[in-house]
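Heads up, the chain below is alone and in the form predicted on its own; it's given as structure tokens.
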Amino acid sequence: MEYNPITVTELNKYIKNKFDKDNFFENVLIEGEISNYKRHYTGHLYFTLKDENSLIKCVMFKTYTSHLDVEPKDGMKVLVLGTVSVYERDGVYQVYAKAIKEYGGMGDLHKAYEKLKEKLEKEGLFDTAHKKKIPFAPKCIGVLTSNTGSVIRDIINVSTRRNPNVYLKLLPVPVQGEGASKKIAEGIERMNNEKLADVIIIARGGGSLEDLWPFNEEIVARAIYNSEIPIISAVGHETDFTISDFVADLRAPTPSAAAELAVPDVKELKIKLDVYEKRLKQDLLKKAQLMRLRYEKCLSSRAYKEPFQKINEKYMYIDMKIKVMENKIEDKIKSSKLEYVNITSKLDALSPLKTLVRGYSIVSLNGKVISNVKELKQNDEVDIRMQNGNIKAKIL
């Protein structure tokens, strides 16, 4: 069988040509709500247009932005006139907007949202310092959402798949419409007062800003902030952000993701435990082998076989050193004695007393030894020292 593959670039170009040749996509008027709005430094506008079920990416180039009546904002409900085409590089289709018109009174809701968000942020309700840690393996998970619809089914399916023994407590509350915010706040307070769960999931599916409005009410925000039980907020789609998301201890992009964050996967835990068990066994085996080698080395060493031999050898070494030191000291004494005798003999030989023994005498005048006759004069009285005494004499 022969294949004729094409490149990704060729495929994207082919699909783009299909869009460009269809006149329906040339000028399309689309109703939706703006989210993820961003004005690029080049002047181009990038945003997402969504409704309760779907979303599409949009771009408005700088050449069209000068005709805008108002600055687009997240949550604003608008009509967008534009062309639908394919961005070849990324292989995605998007709306190239030519005009944007606000309608439906959504601007007031968005202003109220921004005002409350700014107020609560200044009060510190969004600070990370107040965020509570989500329990690693909660025994019971409380869920505040509608008892009908796909949200609770998704949470149950994901939770039980990850842990078949997980215990869920559903406290049904309305998630949109008048009075919903009060019921949600009362549900949070009841969960806390009766200690019904270890962690709470507040959830609902996607929708417009009006549909999600109960989760932007101050009463719900303060109930979440005052909750002693950690709360995971999972309201709307991934691109939706409510006041509840900012106040909650953890924000999940979808209800299913909230279940994944709250319930640990027992299969993954078992795999991790198996890995840790194997590592522990390997470490213990290595430790035992190392201890065995050390034991065998001790058994083969002289210190183990002849424990006193080493000590005796040290004693013999010390005795030998003592003998050497004693001999050195004795030799030094003998050498010093001999040197003393030699020096004494030399001193004795040079002593003037030796001269007296041989018959000589020493003449002194007033304590001064006379060595020349000219140093004396008539009538001087001198001292004469001989071998066996001293006498006095007078010079005549």
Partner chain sequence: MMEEELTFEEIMKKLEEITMELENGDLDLEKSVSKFEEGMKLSKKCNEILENAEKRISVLIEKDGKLEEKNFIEEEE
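Keep in mind the model is a prediction, meaning the values are calculated, not measured. Numbering follows the first chain given and starts at 1.
The discussion below concerns the form predicted together with the partner chain, not included here.
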item	value
Candidate stretches 82-90, 274-282, 242-250, 228-236 - the one whose heavy atoms come within 4.5 Å of the partner chain in the predicted complex	274-282
Close approach of residue 291 to the partner chain in the predicted complex, 4.5 Å, heavy atom	yes
In the predicted complex, residue 191 touching the partner chain (heavy atom, 4.5 Å)	yes
Non-hydrogen atom contact residue 128 with the partner chain in the predicted complex at 4.5 angstroms	no
Residue 179: touches the partner chain in the predicted complex, heavy atom cutoff 4.5 angstroms	no
Contact residue in the predicted complex, from 137, 112, 99, 311 (heavy atom within 4.5 Å of the partner chain)	137
Selected contact from 167, 103, 315, 295, since only one has a non-hydrogen atom within 4.5 angstroms of the partner chain in the predicted complex	167
